[in-house]
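In structure tokens, the next block holds one chain alone, the form predicted alone.
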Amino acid sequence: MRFRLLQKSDGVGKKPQRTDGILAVLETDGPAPSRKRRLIKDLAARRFLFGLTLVPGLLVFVMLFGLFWKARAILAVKPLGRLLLGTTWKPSQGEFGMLAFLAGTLAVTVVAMVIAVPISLLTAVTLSEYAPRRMRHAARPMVDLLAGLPSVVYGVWGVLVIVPFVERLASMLGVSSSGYSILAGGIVLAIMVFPTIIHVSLEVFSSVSKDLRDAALSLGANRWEVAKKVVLRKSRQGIIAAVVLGLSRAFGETMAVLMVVGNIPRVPKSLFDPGYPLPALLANNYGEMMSVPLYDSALMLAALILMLVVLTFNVAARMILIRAERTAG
């Protein structure tokens, strides 16, 4: 078997000129049946690999359908609005109000993002614009290490460090609190979100052209002005995507939040009140659902809501990143 390159020619009798339209022609001395078998194998391999690439995407829809199928029993007897806005959670009495869990999830997530976003962005700006190269290369593995730690490690650390800190802080402010609260969950969750926002922000900042930085410096701008008026402004869409990805990570976190947030099904009224996020509800109660009617269906509805919210955040972040890449290109 051998390959021969063909080049386009301007006409008969003229010397072929090398163009971008070079064609590779495969010549073989083998019989036609052998070539046919190879083509069939190639086609089969292509279709098999294409089918494998569809599996991850189809799994999302299979999971959504499965959760909806299990949740349809409670949706058939109770309106969705009553389930989402109800404040009473007493499965033994047939009451499945999820407002306390939704409020707890939202409260912990908001606290975490309020803490995490400014710290993460300032860290990314420091590493991108101020830190020397050696420090930048040393800091990146540490950020990735934070992302790789199991959530239960964060939870244990939160119980040993953050919960006593929140309890002392509440005592100083004259508030009665055990330390297991929305604030404790938000602090632990913010630390878990740091790597996601920092990593994506650094990638976005690195895509900003060096020529823009040099032009701003040549006009008399200092480093902070370059970071504020050039890098951050040019990376606006990417920063939004980083925050949305961090939000989706915070919204769906289970173990660490479960260990420090208190797990009391009540709408929190302050940062020092305990909460009960949706992921903690699923982790704590799934094993008890067999003996109570509609309990399993209510938990599957909670899982469906959680999956839809996280999926929406991830899709939105991905679309923003694609748009930012096209704008930068």
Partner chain sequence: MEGFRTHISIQNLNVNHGSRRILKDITLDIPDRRITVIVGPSGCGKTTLLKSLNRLLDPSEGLRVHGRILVDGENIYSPDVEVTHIRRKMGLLSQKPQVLPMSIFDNVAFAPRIHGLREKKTLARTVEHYLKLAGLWEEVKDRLATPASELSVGQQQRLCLARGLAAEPGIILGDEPTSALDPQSSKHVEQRLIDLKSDYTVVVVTHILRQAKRIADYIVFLYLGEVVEHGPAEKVFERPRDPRTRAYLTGEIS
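Not measured: the values here are computed from a predicted model. Numbering follows the first chain given and starts at 1.
One more form of this protein should be noted, the form predicted together with the partner chain, which is absent from this view; the next part is about it.
J.: Check for me: heavy atom within 4.5 Å of the partner chain in the model of the complex, for each of Arg133, Ser218 and Asn222, yes or no.
T.: Heavy-atom distance to the partner chain in the model of the complex: all three under 4.5 Å.
J.: Only one of Lys78, His199, Lys234, Arg249 gets a heavy atom within 4.5 Å of the partner chain in the model of the complex. Which one?
T.: Going through each option in turn, the one that passes is Lys234.
J.: Given that the partner chain is left out here, which of Ala73, Leu212, Leu85, Val110 has a heavy atom within 4.5 Å of it in the model of the complex?
T.: Of the candidates Ala73, Leu212, Leu85, Val110, Leu212 is the one lying within 4.5 Å of the partner chain in the model of the complex.
J.: So in the model of the complex, does Arg140 come within 4.5 Å of the partner chain, heavy atom to heavy atom?
T.: No, Arg140 stays farther than 4.5 Å from the partner chain in the model of the complex.
J.: For Val230, is any heavy atom within 4.5 Å of the partner chain in the model of the complex, or not?
T.: Within the cut-off, so yes.
J.: Tell me the stretch among 222-230, 99-107, 160-168, 174-182 that has any heavy atom within 4.5 angstroms of the partner chain in the model of the complex.
T.: Of the stretches listed, the one contacting the partner is 222-230.
J.: Within 4.5 Å of the partner chain in the model of the complex, which residues of 81-116 have a heavy atom? Give them in sequence order, or say none.
T.: Sequence-ordered list is empty.
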